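Take a look at this single chain, the form predicted on its own, given in structure tokens.
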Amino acid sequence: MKVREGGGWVLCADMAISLLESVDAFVFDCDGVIWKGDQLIDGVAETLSMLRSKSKAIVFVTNNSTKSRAQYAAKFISLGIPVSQDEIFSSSFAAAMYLKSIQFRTDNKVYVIGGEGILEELRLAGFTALGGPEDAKKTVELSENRFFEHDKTVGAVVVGLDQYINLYKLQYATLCIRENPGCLFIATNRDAVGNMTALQEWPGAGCMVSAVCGSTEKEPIVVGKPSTFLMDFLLKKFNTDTSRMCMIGDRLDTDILFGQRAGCKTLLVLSGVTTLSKLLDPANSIHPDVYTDKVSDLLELLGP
């Protein structure tokens, strides 16, 4: 029996069967959906295996920019989930692909507030990147005559999740954006929080992005979800209409909104950031087609 509640349809056996029959490709978020930190969520591996056995295409689209696609593939494999790098689309990859799409000059440099994943994807795309973890321990002396030098050839600043954010990085990014003519301000995503560990949510990239917005008085170009920039890459991979795709995620304002904007079916799981009370809050205006507790509910309802 179908059960309708304020936030959307509650996943049941009939809905699961209908979803399986109407979808050719499943698009999964990672943090809070596949894993929390380095801990795999129960039943995920078996559910993915079941979907593959039914000839469903699977891809992973994550806003977490700390890793490159190759690093994410290694993480999946370490958790017992076989994937190929081509099935992974991260916001670090999106930042590099955005610069390629606008024909960003390779003689200009990119300053990064974020992790090694962004640097690696930029270098693979042929760009010169600086900053990132290398600037983690750099400090600023706020003496009376202190003048902060920055590279005038930086043509873009990319800001993502950075657990080593500091005043040096913020000043460097601010000067590049404010003083280098035409310097782009790119955000991998604006997630407020994320499941960085298995036990807690932590400040997300949105905090770092907001800091740079405050110091530059500029808004960034956002390349991660809910921006549909990556959808062009997904469509080339799947060669199917978005109406035959389903976005599965744990965030309303990124995953579900991304799916809705692209014309996909949407399934919200309550294993990550979004709680049932938040979903059903009258102030919430983003409603998935279907919601359930966790990804493995699909397996339980459909069988192996």
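Just count from 1 along the sequence shown to find any residue number. Just so you know, these numbers come straight off a predicted model, no measurement behind them.
The form predicted together with another copy of the chain exists for this protein as well; it is not shown, and the discussion that follows is about that form.
For the options Thr197, Ser101, Gln85, Thr128, the residue carrying a heavy atom within 4.5 angstroms of another copy of the chain in the model of the complex is Thr197. Proximity of Phe233 to another copy of the chain in the model of the complex: non-hydrogen atoms within 4.5 Å are absent; the residue sits far from the partner. Taking the partner from the other structure, another copy of the chain in the model of the complex has no heavy atom within 4.5 Å of any heavy atom of Lys265. Interface residue remark: Pro133 is not counted as part of the site for another copy of the chain in the model of the complex, having no heavy atom within 4.5 Å.
At the 4.5 Å threshold, heavy atoms of Cys207 reach another copy of the chain in the model of the complex.
Figure note: of the listed segments 103-111, 165-173, 117-125, 88-96, the one touching another copy of the chain in the model of the complex, with heavy atoms no more than 4.5 Å away, is 165-173.
Candidate site formed by Arg146, Ala192 and Gly214: every one of these residues places a non-hydrogen atom within 4.5 angstroms of another copy of the chain in the model of the complex.
Looking at 16-38, the residues that come within 4.5 Å of another copy of the chain in the model of the complex, counting any heavy atom, are Lys36, Gly37, Asp38.
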